[in-house]
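Here's a solo chain for you in structure tokens, the form predicted alone.
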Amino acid sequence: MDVDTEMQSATAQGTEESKENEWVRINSNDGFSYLVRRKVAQTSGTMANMLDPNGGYAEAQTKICTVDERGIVTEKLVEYMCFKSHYQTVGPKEDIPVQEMQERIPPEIVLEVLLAADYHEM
């Protein structure tokens, strides 16, 4: 491999890494705002499509995704995206503390969180 090819490969890899480290703002419909890394936001299929530069969505340019949910529901979605991103590469599924995540969601909003998670393809 020549020097030019190595530099192009390193640049492409650096661009991918920098995109993963970009911050994305997730806004709820009642004014709450959460900053997460792009890698975390892309655990949602819907947000991954919104943030895709080839998709033509405004969110790809502004790096702001608006979730049409209350702040508490959006917060639980963000918590789950962080949880999912963190445990995506864990070996055996038995090592994932699912019960811990379930205990974080108050029973009175479980249905709202479930519907929002389904809509956002989580």
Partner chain sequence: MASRYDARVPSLIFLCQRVAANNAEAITSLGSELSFHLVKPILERCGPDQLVRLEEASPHLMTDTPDIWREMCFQKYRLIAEEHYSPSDEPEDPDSWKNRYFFLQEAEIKRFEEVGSRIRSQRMEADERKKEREVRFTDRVPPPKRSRTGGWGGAPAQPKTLFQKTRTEASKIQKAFYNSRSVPPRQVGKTVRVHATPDHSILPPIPSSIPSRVTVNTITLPRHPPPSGSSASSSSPASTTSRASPPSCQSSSFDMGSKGQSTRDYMTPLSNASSPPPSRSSTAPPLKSPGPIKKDPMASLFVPKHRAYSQRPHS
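None of the values given here were measured: they were computed from a predicted structure. Positions refer to the first chain, counted from 1.
Beyond the structure shown, there is the form predicted in complex with the partner chain, which is absent from this document and is the topic of what follows.
Residue 94 belongs to the set of residues with a heavy atom inside 4.5 Å of the partner chain in the predicted bound form.
The closest heavy atom approach of residue 90 to the partner chain in the predicted bound form falls within 4.5 Å. The shortest heavy atom separation between residue 34 and the partner chain in the predicted bound form exceeds 4.5 Å. The closest non-hydrogen atom of residue 51 lies beyond 4.5 Å of the partner chain in the predicted bound form.
Along 86-122, a non-hydrogen atom within 4.5 Å of the partner chain in the predicted bound form is carried by 87, 88, 89, 90, 91, 92, 94, 96, 98, 99, 101, 102, 105, 107, 110, 111, 113, 114, 115, 117, 118, 122, in order along the sequence.
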